[in-house]
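First comes one chain, alone, set out as structure tokens in the form predicted alone.
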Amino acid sequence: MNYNKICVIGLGYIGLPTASTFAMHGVETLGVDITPAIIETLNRGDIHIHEPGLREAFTKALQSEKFRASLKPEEADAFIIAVPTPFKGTETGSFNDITYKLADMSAVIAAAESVVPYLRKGNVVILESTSPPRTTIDLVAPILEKSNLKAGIDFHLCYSPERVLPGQILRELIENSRVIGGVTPESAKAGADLYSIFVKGQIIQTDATTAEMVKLMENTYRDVNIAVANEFSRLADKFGVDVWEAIPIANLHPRVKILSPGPGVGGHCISVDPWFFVEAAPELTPLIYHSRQVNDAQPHFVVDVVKRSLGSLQGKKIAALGLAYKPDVDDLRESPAAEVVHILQKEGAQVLACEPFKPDAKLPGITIAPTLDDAIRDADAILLLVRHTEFIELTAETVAQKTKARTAIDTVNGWDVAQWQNAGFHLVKLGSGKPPQ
């Protein structure tokens, strides 16, 4: 199929890079978002999110005169829905009375409804938002068919999940393999034709529900393996072992690849997607459910480590380094670091956070210092929560000159114990029950 104009609905961490990439490849692209401030920002040539290379890509898209932003869709050859699917609350199910988180599909519903007035025969509609199994068939198709057109007959309908890593989105959009799930084989082929405009990786065609499940399987696999690593960190702490020493040794086994523990699991994918399986089939997902419990509880384990280091937290001043859910990005969604800060505050601590990639972030109840120096100056302890390069490259001697704190807690294996001890710090590492040498 030929695509002269496409409409990308949702201009966040996936939608904007996708729209920019299509525009750079010569396709007239309309970016749609319901937030006026985002549209105003983009149309004046600026961007609202941090992603390496995105500003340059977006500038090229504007210079090509192939991109513009709007609050509502227009007629197009293809519509891509890339809106968020966060949580909307919890529910206690009838199976073993377990409580699980529920997917909020309101943005997907609204986006699909916005397409209906502009849908024409021969169009392609692709859902990219991570969704529970059968969303494309059972939720999106009936909405679009309010146009009096039939999915798979009058227009093509597909599910194609993003499979990119924040910090490398622009490269991976092009180079990674892409799965296209159609409601019919013809729909899958039409979707593959669209993404072949810029995708260099393999494009795999399948049905829509398989594509939905593939995306959830990928992130659930990661979540389960991180849960094992986090449990190992707790066991190492209990048994007087340094987990950061033990894991590399265990990984020398040719069939073992243990991941790194940390303060928890965040972001809009790994910490969210497994719940879609649990919500859909709680009776079939005990492993997935308990892995989610382990990872969601890891911030509490971090706070226990801090309490053991400082004693009572009442009135203690703690500098929390990092609020993003992973290193060197500005994405704070579902961040375990933010949860750690909230728990510390409930324990009576006074927490001043530092997030260099989003110093102007507005997180309820969290105070963010304008600079690292401001965060650590009056602290009683320094808590490393995210492996931002800026934090990892700190030297203990330099830090010692800028703070009265002499206790440091490292939850991500970012600092060398000997260096910090030599500078006069008592450095405690998550998952290390070994006494100082």
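Residue numbers run from 1 along the displayed sequence. All figures in this text were calculated on a predicted structure; none of them were measured in a lab.
Below: the form predicted together with a small molecule, not depicted.
- The candidate spot formed by E218, S260 and V265 lies fully in contact with the small molecule in the predicted bound form, as each residue has a heavy atom within 4.5 Å of it.
- When contacts are judged by a 4.5 Å heavy atom cut-off, K358 does not count as touching the small molecule in the predicted bound form.
- The small molecule in the predicted bound form is not approached by D193, whose heavy atoms all lie more than 4.5 angstroms from it.
- Interface residue remark: R222 is counted as part of the site for the small molecule in the predicted bound form, having a heavy atom within 4.5 Å.
- A residue is said to contact a partner when one of its heavy atoms sits within 4.5 Å of a partner heavy atom; G182 fails this definition for the small molecule in the predicted bound form, lying far away.
- Remark: of stretches 76 to 84, 319 to 327, 184 to 192, 248 to 256, the one touching the small molecule in the predicted bound form is 319 to 327 (heavy atom within 4.5 Å).
- With the partner removed from view, the residue among D207, E162, D296, E145 that has a non-hydrogen atom within 4.5 Å of the small molecule in the predicted bound form turns out to be E162.
- Taking a 4.5 Å heavy atom cutoff to the small molecule in the predicted bound form, the contact residue among I288, A211, C269, A111 is C269.
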